[in-house]
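Shown below, as structure tokens, is a lone chain in the form predicted alone; questions about how it binds or moves come after it.
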Amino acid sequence: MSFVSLNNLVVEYGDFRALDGLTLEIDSGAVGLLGPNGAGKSTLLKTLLGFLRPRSGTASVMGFRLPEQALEVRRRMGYMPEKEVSSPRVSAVSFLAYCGRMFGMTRSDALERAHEVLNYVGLGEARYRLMQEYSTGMLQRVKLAQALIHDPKLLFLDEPTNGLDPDGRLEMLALIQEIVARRKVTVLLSSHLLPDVQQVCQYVIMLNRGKVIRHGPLEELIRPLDHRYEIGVRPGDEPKLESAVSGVGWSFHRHPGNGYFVVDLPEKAGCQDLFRLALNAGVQIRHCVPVRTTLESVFLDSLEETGMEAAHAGI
């Protein structure tokens, strides 16, 4: 059974159709939800939480129908919203214990569980300070902790690295990966940061204008490109390689990020032809890997196919 199942789901705000006939099946693991501003990501999460009633179609989470059984869904899933949910004049441990009590725990069990999840997300002695003194990174950890307080099997994360510095972002992504891999929690990660999705998720769903424009396993979306290779050569051999490649009419350019050459081979040529050319030119190849598509290129191509230019995509 899928964790999330949608069939021809339509959600509207007045005359505006935010989700337009959405049909999806979300299974276990880490699933990335991508889309430009206004694509329907937040609307989808609110619908799955039971906050919005569909105009038509059906939706279920963990076998429970929405919105009729929304309370049953919320008892079993955790939600880390993009906006702040903490109370500035209480401590993190008090806030987490209160969240535990809301899920029906006894006072002692809620306090014990609060300390457990705060340890897990890496919030040390600061848990006893008022949250108005917390940094953005600490508040993000508290938000993740409250989503985990009742040990859910399904977790919705809305922009979990929002506002974090590079170190904090990497720590948050590592936490999410650990939650999926070791705790076997299914995660639906909504983000506009493509590197975050690419690092954490095994499956990606792309939305635009309330429709699914592309979805599939990440390894299939960013497959290797046929006949395109990234080449690194011995220092000083660059001019000889350029001359040799130009001489046979192959397309090539310097990669601006790492200085390697990207060479496009003809349809009938292979990697062995590239090495033979380099050998004849006295060039020593030290690095040769197939070039893969990037999640960004797949995303932008998908937007272009649906008639939305990247400049207006909000990325």
Partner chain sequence: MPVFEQTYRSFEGGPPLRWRWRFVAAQELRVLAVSRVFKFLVFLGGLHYLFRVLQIVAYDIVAQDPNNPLAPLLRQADMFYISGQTFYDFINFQLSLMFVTLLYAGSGMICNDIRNNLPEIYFSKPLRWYDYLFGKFLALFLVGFSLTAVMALLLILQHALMSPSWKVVGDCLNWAGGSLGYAAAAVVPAALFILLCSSLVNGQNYAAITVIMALIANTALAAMFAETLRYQNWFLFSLPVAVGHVGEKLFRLARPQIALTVPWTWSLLYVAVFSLLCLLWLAFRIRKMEVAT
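Residue numbers count along the first chain shown, from 1. For clarity, every value in this text was computed on a predicted model and none was experimentally measured.
Beyond what is shown, the protein has a form predicted together with its partner chain; the following relates to that form.
For the three marked residues, Lys83, Cys99 and Val117, a heavy atom of each sits within 4.5 Å of its partner chain in the model of the complex.
Mapping the unseen interface onto this chain, Arg234 falls outside it, with no heavy atom inside 4.5 Å of its partner chain in the model of the complex.
Taking the partner from the other structure, its partner chain in the model of the complex has a heavy atom within 4.5 Å of a heavy atom of Ser87. Proximity of Pro239 to its partner chain in the model of the complex falls outside the 4.5 Å heavy atom cutoff. Its partner chain is not shown here, and in the model of the complex it never comes within 4.5 Å of any heavy atom of Glu230. Stretch 145-153 is the contacting one of 159-167, 192-200, 145-153, 211-219, since its residues have non-hydrogen atoms within 4.5 Å of its partner chain in the model of the complex.
Comment: its partner chain is not present in this chain, but in the model of the complex one of Met105, Met138, Val187, Val245 has a heavy atom within 4.5 Å of it, namely Met105. The partner is not shown here, but in the model of the complex the stretch 51-88 reaches within 4.5 angstroms of its partner chain through a heavy atom at Phe51, Leu52, Arg53, Leu71, Arg74, Arg75, Met77, Tyr79, Pro81, Lys83, Glu84, Val85, Ser86, Ser87, Pro88.
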